[in-house]
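Have a look below at one chain only, the form predicted on its own, in structure tokens format.
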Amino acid sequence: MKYVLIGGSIACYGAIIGIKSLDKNADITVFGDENSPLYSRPLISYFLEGKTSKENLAFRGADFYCKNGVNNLSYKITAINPELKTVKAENGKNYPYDKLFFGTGSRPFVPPIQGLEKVKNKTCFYTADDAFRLKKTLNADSRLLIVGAGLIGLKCAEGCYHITKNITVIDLQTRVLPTATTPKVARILENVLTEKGITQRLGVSVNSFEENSAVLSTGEKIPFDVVVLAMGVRPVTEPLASAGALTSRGIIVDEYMRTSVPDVFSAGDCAESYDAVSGEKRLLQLFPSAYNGGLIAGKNMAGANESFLTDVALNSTSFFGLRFTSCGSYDGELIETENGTDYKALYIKNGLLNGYILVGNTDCAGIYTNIISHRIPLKDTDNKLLFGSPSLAVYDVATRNKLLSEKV
């Protein structure tokens, strides 16, 4: 069986693991845009911070492809021919496949802003090359302006803080991490940034750029030496969309990670997968979603028939040592507890845990995530779930035995 994987992403890594679990001698070729070993994007902020090395960005080792017999070609795929079952690379060659995985991920969204072309030192914060560029450009005296206070922008601020303390974060939204927090939780994180001396200008936008300053919607000018554009990402759906795949915001896949094109599977930032909480297809552009979706896709490419119906929106990170994890939807009755710097919010609806936010102590995150993703009724747990520190003991015997018997 000849497998071709497009993207070189964490979803592709999951697909390789899935394929190899069932087809030890699989013929796998990966096409990726970046001329680098498979690496973990979340690690690039830790590279800037000095907590990991350039070599260790390749979280499974620079020789992962070689050790697993994977042929890695750094060519962009320009076309897919489903009838001939070939992909065409930018080198002009056509490569055949029996099963194709589309894991192109996403690309940074940069809206047209007047004067942006005049800015010399600008970058996004998405790839290892972006981190290398910042490492080379920044120094202790640099004034860094980050446009975007989402997860990417805040992790960039944390990483760059090791180099320069002069950092300003701007966002049109009125709080940091607007899609993953509530106003109360955002204030906790904003206070951490303020304590570090990081300036936050929220509820404003950049109207235009001059060579070394940004003109805000308020008319204020913010001087800078380096600009990071962190205004979100958009799924990369070409060339699969041109090959006839059904798309919405991303590539549409079924519960087995199959696209509408025969023998073509997809997962990760470029695909719309099933959200266990809402019961709808949506973009879940997150590291665990990409890996788990790719893993299921790889297994099914190799002959399995596994569904992926447990995906949920999950964010897990830290900001200057403060842990933060959120999951699911904030729709439902709120039960919250606070203990010093620790904060917990649980959202319950129709006897189910729909979502949670943990700040500080996140030890119980895995238990809560499992309950949400598997839609386990709260009647099958006990009150330790809500008011204590849960473990597997919160489940009834039947549920606990089922979970412990599942493959990990």
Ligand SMILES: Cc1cc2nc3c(=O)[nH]c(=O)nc-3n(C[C@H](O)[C@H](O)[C@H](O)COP(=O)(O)OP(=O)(O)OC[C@H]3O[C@@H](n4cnc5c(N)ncnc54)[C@H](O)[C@@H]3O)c2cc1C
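Please read all numbers here as calculations on a predicted model, not as lab measurements. Note that residue numbering follows the sequence shown and begins at 1.
As for the form predicted in complex with this ligand, it is not shown, yet the points below apply to it.
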ask   = With the partner left out of view, is Ala290 within 4.5 angstroms of this ligand in the model of the complex by any non-hydrogen atom?
value = yes
task = Verify the contact flag for Val226: yes if a non-hydrogen atom of it lies within 4.5 Å of a non-hydrogen atom of this ligand in the model of the complex, no if not.
result = no
In the model of the complex, Ile44 touching this ligand (heavy atom, 4.5 Å) = yes
ask   = Using 4.5 Å between non-hydrogen atoms, is Pro82 touching this ligand in the model of the complex?
value = no
query = Among 365-373, 346-354, 54-62, 31-39, which stretch has residues whose heavy atoms lie within 4.5 Å of this ligand in the model of the complex?
reply = 31-39
ask   = Looking at Lys196, Lys118, Arg282, Arg107, which is the one with a non-hydrogen atom within 4.5 Å of this ligand in the model of the complex?
value = Arg107
query = Gly150, Gly159, Pro239, Gly332: which sits within 4.5 Å of this ligand in the model of the complex by any heavy atom?
reply = Pro239
ask   = Since the partner is left out here, which residues of 68-96 would have a heavy atom within 4.5 Å of this ligand in the model of the complex?
value = Tyr75, Lys76, Ile77
